[in-house]
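Below you'll find only one chain, the form predicted on its own, shown as structure tokens.
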Amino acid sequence: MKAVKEEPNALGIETVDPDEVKQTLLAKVPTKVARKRAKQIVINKTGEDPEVPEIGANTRTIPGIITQRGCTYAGCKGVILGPTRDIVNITHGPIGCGFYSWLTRRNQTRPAGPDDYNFMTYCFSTDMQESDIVFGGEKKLRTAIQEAYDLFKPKAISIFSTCPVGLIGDDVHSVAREMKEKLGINVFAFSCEGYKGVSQSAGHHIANNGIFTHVVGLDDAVKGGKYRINLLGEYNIGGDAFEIDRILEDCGITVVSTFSGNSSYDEFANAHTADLNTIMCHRSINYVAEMMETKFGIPWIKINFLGAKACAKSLRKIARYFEDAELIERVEEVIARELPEVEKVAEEVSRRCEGKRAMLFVGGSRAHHYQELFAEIGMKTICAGYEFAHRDDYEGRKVLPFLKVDADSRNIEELEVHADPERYRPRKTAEDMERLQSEGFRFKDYDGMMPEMMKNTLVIDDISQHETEKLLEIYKPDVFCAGIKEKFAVQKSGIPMKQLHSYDSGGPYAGFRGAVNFYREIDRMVNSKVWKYIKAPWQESPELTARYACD
């Protein structure tokens, strides 16, 4: 277990007492609420035992606190299935829920050929009305599936339940089975009603279960490639997956399937033929990795392609798994070719960004991974947190045996998975696995974010708008990274805000070229003079004073 880094003075915030900041954040909420909320605000420090502190996570947002979270439906449809180009994804519910039917993130895709389809730009919804809520919407759903099939002839159609559907009891799964038999294509449904879980994390889990049950394993054809991997938890926002694919291809590594950036139905169906699963976003996709290992014998490892050093480390880890001298040599050649330009730009940008401070409250692993990119240009992360993480995302998977299953977690079906009697194939012998682990190679493990953060940094789960405003006021960071909902409120404080959920501009930021893009964009943001002009001149130096007549 790695100890928390002790660099309090390097933060440039030695005059700020994190305990006082925590009390300030809790001062405005009722005592009972404050006791609960205090567990989700942790000061990252160590005692004699080098263990990270326990944090409260994966608990329901307290009513009245303005959260930045999304719902279960958003996690299932918007995050996991949204980036898949050739599945028609139908939202069963009112058109207001169609916000996530008409893809809101900057997921990009590149069809494989002229006969390949791309339905990502369409918004498919049953548009339920009041009469459908009263009398049921199953008939309307059947009509919508038939219409989608007649218009597009897709390979598969998926259905996503929203809150009203769960409340009135439409059986979307029976409709899916009926239409699957009628149309002769794969039709499957997700019970991902928005209220079903704590956050969008529940939707990730439901999506993992659905894809594993209905799609993975349908195509046993083993395609070409000597070193075959799946890239899990990469959603090709701003073209990230394109850059990762370029690097892996140069190394001679074949990506069988990406879950789910730039992905296709056929790739999901063929994913079980890979020899290694690599996980980027631990929270959104670890479920399917675990199930594929149990059923098909594919081991998984945690990797990170955000940050040049992290990218090189991940490539070496993949090469080490395959234990092939040719691959190891090729990986080193690619790293040696790519790093000089990255290091040149990093050195240039560091002269202007060294010592500046960042806050990151974004995503399932992004608040962790992006700290690598900031560190490479000399910037410090002083506060960070996730919107929908569980404790293992913060503290590491070592805490998994001690986590209690609560009522919210029981809402989500746990699949009972067994080794496939015909297709289970361990990719390495038990002896080879044991030898690799004895040499320090780590399978199915993740340290979490907190062990790699510095001492006295604040870690906050499910940050609220009030807490955001107080942190900006106290710390005055040089850049704040979060999602679209926080963007404009932060910018009105005179602090640049980088939207890292879907980038809303820029990218890619993954891989070596992505690192260069990120360095330059952050350099422009934190060193721009425009943020000094947020307040009007008369607000900075008022020349007229007055008082009300009633005073």
Partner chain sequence: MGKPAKSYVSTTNACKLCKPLGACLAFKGIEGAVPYLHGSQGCATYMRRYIISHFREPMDIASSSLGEKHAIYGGGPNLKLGLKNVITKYDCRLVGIATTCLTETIGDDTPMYLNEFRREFKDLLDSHDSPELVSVSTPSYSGTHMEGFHEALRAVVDQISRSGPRHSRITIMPGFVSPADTRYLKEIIGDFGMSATIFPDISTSLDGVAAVVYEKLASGGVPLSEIREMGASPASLEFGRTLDKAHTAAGLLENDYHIPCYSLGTPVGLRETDRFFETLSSLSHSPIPEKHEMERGRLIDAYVDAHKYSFGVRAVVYGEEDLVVGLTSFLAEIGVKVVLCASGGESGRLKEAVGSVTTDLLSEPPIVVEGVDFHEIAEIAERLHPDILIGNSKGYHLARRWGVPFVRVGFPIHDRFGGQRILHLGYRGAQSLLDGIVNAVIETRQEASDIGYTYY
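Nothing here was measured: the structure is a model prediction, and the numbers come from that model. Numbering follows the first chain given and starts at 1.
Note that the form predicted in complex with the partner chain isn't included here; everything after this is about it.
Participant: Report the stretch among 271-279, 430-438, 253-261, 140-148 that approaches the partner chain in the predicted bound form to within 4.5 Å, counting heavy atoms only.
Facilitator: Correct option: 140-148.
Participant: Even though the partner chain is not shown here, does C71 get within 4.5 Å of it in the predicted bound form, heavy atoms only?
Facilitator: Taking the distances in the predicted bound form, the answer for C71 is yes, it comes within 4.5 Å of the partner chain.
Participant: Might K535 be said to contact the partner chain in the predicted bound form, defining contact as any heavy atom within 4.5 Å?
Facilitator: Yes, K535 sits close enough to the partner chain in the predicted bound form that at least one of its heavy atoms falls within 4.5 Å.
Participant: At 4.5 Å between heavy atoms, is V516 in contact with the partner chain in the predicted bound form?
Facilitator: Looking in the predicted bound form, residue contacts with the partner chain do not include V516, since no heavy atom lies within 4.5 Å.
Participant: When the contact criterion is heavy atoms within 4.5 Å, does Y122 count as touching the partner chain in the predicted bound form?
Facilitator: Y122 belongs to the contact set for the partner chain.
Participant: Would the partner chain in the predicted bound form be within 4.5 angstroms of a non-hydrogen atom of every residue among N209, T213 and Y235?
Facilitator: So, no: the whole triplet misses the partner chain.
Participant: Which of G96, G184, P111, G355 has a heavy atom within 4.5 Å of the partner chain in the predicted bound form?
Facilitator: Exactly one listed residue reaches within 4.5 Å, namely G96.
Participant: To verify the annotation, which of these, R366, K196, K302, R85, has a non-hydrogen atom within 4.5 Å of the partner chain in the predicted bound form?
Facilitator: The residue from R366, K196, K302, R85 that makes the contact is K196.
Participant: Which residues from 55-77 come close to the partner chain in the predicted bound form, meaning a heavy atom within 4.5 Å?
Facilitator: Contacts from 55-77: R60, T61, I62, P63, G64, I65, I66, T67, Q68, R69, G70, C71, Y73, A74.
Participant: Considering a change of 3 Å or more, are the Cα atoms of L360 and S101 closer or farther in the predicted bound form than here?
Facilitator: Their C-alpha distance shrinks by at least 3 Å in the predicted bound form.
Participant: Hey, the CA atoms of S101 and E387 end up closer or farther in the predicted bound form than in the shown form, with the change being 3 Å or more?
Facilitator: Closer together, by at least 3 Å.
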